[in-house]
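Encoded as structure tokens, the following chain is the form predicted alone, with no partner shown.
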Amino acid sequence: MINRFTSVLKAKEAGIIAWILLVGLVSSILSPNFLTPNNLVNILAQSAVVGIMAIGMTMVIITGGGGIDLSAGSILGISSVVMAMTIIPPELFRDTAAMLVLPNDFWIILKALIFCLGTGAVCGFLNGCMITWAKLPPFIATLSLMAAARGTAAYISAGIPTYGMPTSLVYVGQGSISFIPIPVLVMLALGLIVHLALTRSVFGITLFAVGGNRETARFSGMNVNRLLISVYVLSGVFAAIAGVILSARGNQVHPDAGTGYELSAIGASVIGGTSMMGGAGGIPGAILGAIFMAEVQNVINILNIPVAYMKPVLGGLIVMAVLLDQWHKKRDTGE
């Protein structure tokens, strides 16, 4: 079964690459600015935040049973606020006129990153507990946490954005090694680690087994609840990492940061071949899906098409991906 899912996924990944090339070809004809090195690098950089979130989202969706994390964008927001409040002195945090250039204190930055990732992990743990112990549907559990996390971020920050991050942290979001943006390297490194975990570890085998048939997995002795909690914790941590990248790239933290990003992460995962029914999916496809979405967004910007059209385009892409997934399942089962 896993081999069949893997072969289908590879076919879908090849299809996404073909779409990326096709959109690139058409865009280069419509605008000479598309194929410039700076623009191509910019597309990759823009895909990093959603791509990192999509890595965690992919694992959640693979678990099946309606698994989804609608709180990812809000977790990004509250984790970023916690990070900023750890770095910035309290008397300056709510100073809207302060354009801060903070010292590169290693221990303060390390503490801020630990608190940031810890916030993401705690939020993910709460999601997992509501789903496994309280038996809430994932949609309801993560929707409630989405509202709670966003409200908490607005409360502790008084709804005020904070400008200025330590220069070493800004470099993580804006710097590059050779010509590759650091956020892209972070996305690829995390993607490789999770890809290996899904394809070459007991964790991956268990994850796909639970997504394929949860009751069978439970009767086989697998600790389904522990797996679900760990997956939602990981999704929260990846959302927090995305928050670090987004804050560093923009050199600011806003309590509304990440609003709507959970939909982009879901879209990247589904477009990348992850089945909404669970049991099938992969990290390379999710990253390619994020790059494809960033490419479409870039084309919309270059051609001066109203940004409002991006959401209908994203919705259409998700619907097409789900319909394609259903067609593959019917073909494989002979229905």
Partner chain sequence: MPDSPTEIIRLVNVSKGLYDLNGQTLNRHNLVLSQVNFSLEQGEVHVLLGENGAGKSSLVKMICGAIRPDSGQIFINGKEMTANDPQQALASGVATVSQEFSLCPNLTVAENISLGRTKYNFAGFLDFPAMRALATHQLNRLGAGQIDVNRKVKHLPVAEQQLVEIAKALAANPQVLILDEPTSTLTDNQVEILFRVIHALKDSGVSMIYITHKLKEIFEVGDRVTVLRDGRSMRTVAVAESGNIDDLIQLMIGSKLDNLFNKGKHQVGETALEVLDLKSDPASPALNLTVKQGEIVGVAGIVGAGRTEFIRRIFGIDSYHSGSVTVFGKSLPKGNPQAAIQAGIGFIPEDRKRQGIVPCLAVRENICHVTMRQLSRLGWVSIASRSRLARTYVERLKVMASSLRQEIRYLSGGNQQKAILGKWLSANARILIFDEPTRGIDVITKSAIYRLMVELADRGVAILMISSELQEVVGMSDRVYVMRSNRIAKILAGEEINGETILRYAMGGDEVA
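Quick caveat, the model's predicted, so the values are computed rather than measured. Residue numbers count along the first chain shown, from 1.
Although it is not shown, the form predicted in complex with the partner chain is what the next lines describe.
> Tell me, yes or no, whether residue 114 is in contact with the partner chain in the predicted complex, where a contact means a heavy atom of each within 4.5 Å.
Taking the distances in the predicted complex, the answer for residue 114 is no, it never comes within 4.5 Å of the partner chain.
> Using the partner position in the predicted complex, report whether residue 177 sits within 4.5 Å of the partner chain, counting heavy atoms only.
Residue 177 lies outside the contact set for the partner chain.
> Check whether residue 110 has any heavy atom within 4.5 Å of a heavy atom of the partner chain in the predicted complex, and answer yes or no.
Judged by the heavy-atom cut-off of 4.5 Å, residue 110 is well away from the partner chain in the predicted complex.
> So in the predicted complex, is the partner chain close enough to residue 64 to count as touching (4.5 Å, heavy atoms)?
Judged by the heavy-atom cut-off of 4.5 Å, residue 64 is well away from the partner chain in the predicted complex.
> Would 199, 205 and 209 all count as contacting the partner chain in the predicted complex, using a 4.5 Å heavy atom cut-off?
Result yes, every residue of the spot touches the partner chain.
> Only one of 259, 86, 168, 213 has a non-hydrogen atom within 4.5 angstroms of the partner chain in the predicted complex; which is it?
Answer to the contact question: 213.
> Can you pick the stretch from 228 to 236, 190 to 198, 73 to 81, 125 to 133 whose heavy atoms fall within 4.5 Å of the partner chain in the predicted complex?
Stretch 190 to 198 is the one.
> Between 220 to 239 and the partner chain in the predicted complex, list the residues on our side with a heavy atom within 4.5 Å.
The stretch 220 to 239, when checked against the partner chain in the predicted complex, contributes 220, 221, 222, 223, 226 at the 4.5 Å heavy-atom cut-off.
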